[in-house]
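We begin with a single chain expressed as structure tokens, specifically the form predicted on its own.
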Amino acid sequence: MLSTKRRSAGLLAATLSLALFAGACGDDGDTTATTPAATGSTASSSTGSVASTTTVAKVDVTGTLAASGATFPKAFYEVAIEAFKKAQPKAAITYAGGGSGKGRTDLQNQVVDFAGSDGLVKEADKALYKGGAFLYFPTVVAPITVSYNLDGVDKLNLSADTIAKIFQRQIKTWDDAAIVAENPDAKAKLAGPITVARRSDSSGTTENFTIFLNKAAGPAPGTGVWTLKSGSTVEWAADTQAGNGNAGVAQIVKDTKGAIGYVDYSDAKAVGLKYASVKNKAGKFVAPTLDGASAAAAGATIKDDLSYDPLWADGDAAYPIAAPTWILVYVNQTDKVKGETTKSFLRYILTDGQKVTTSVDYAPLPKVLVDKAIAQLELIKIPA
């Protein structure tokens, strides 16, 4: 759970940013661009470069929106919603979390107005979305930490192979030769059984963590150590401990001596967890930082639907478990007021919202991705 101190700091930063907010909340804008394709059963394809975007005067919005989904970006969304409501007091937005899988299912069944997801919708599932074609709007990028609870060990190095063996329960004690080899200076303090903490819910954090392991330690060109594949749910060993949401996993690690778990950077930092430096593709042990996440995102290829993959990225400075996240929105809005409010909130996320990301321990998006996402707002169709 986020600390009151950190939440207050984030809200203060968000409030201060509102001085720059004039025009950013407007749902209309003069945009000249070739926009990315909508995603879904009726999506069309287009590519091209994005021109500059000019917003017009602020337009007041009054809709009430409900959303659910990924817990990974929840702290940022909470701050962004509070800041947005100060500029648009007649609007109301709630974000319930619940995990990426829940968000995607809720949007599919039109239970929510938008969904948060750290993972992409499977091609076979797109036709199930009752509202038709939808769009991915990237929002922030941040590290997934490998957090641990081990007395006297303040610095820990772990490679993908060693992480894979720990989470597959092939390594069950801290004094295992593989861990000692990567941490010779801590050898005397590496002792005791390892408790693995992982997600109980359908999770984009799980998906991104296991995608990293599959790339780095899975089938070729990986090392072949990781055999559980990747997904929002995984067949974990029976002796692992399950927590709901990132906060649930963080709490298990905090409360259990010898525990290790994968936790988003914001939640790990909020509860004071220690986290490992992870060996990246360039062979460097890199600590989870916002700069490391930004370095990974900067080199990622952006697809037409604005999906991108910063995991296991090239570069000495890239943190190897840097995760993306998106807001999913239907192209064809059925309610004018809600549609205008959704579009206005997304515009805030992509403009002044990017200025407050670091106050709650997320990295802003690369400018090229922001520009493409702002241009994509023009694909949202609002009834007259």
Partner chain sequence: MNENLNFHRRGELADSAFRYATVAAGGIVLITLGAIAITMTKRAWPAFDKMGLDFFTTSRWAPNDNVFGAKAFIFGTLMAAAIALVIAVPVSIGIALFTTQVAPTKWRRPIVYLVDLLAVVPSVVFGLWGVLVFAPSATGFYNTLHDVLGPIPGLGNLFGEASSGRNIFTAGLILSVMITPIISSLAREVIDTCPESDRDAAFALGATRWEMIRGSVLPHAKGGLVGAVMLGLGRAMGETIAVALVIGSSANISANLFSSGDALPAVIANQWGEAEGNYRAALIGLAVTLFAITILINVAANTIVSRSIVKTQGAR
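Quantities reported herein were computed from a predicted structural model and do not represent experimental measurements. Positions refer to the first chain, counted from 1.
There is another form of this protein, the form predicted in complex with the partner chain, and it is not shown here; the text below is about that form.
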Stretch from 267-275, 103-111, 302-310, 217-225 whose residues place a heavy atom within 4.5 Å of the partner chain in the model of the complex: 103-111
Which of I179, L150, I166, I252 has a heavy atom within 4.5 Å of the partner chain in the model of the complex? I252
Just give me the single entry in T289, T233, T94, Q170 that has a non-hydrogen atom within 4.5 angstroms of the partner chain in the model of the complex. T233
Taking the partner chain as it sits in the model of the complex, is A242 in contact with it (heavy atom to heavy atom, 4.5 Å or less)? yes
Y136: heavy atom within 4.5 Å of the partner chain in the model of the complex? no
Is S202 near the partner chain? Define near as a heavy atom within 4.5 Å, in the model of the complex. yes
Applying a 4.5 Å heavy atom distance criterion, does W174 contact the partner chain in the model of the complex? no
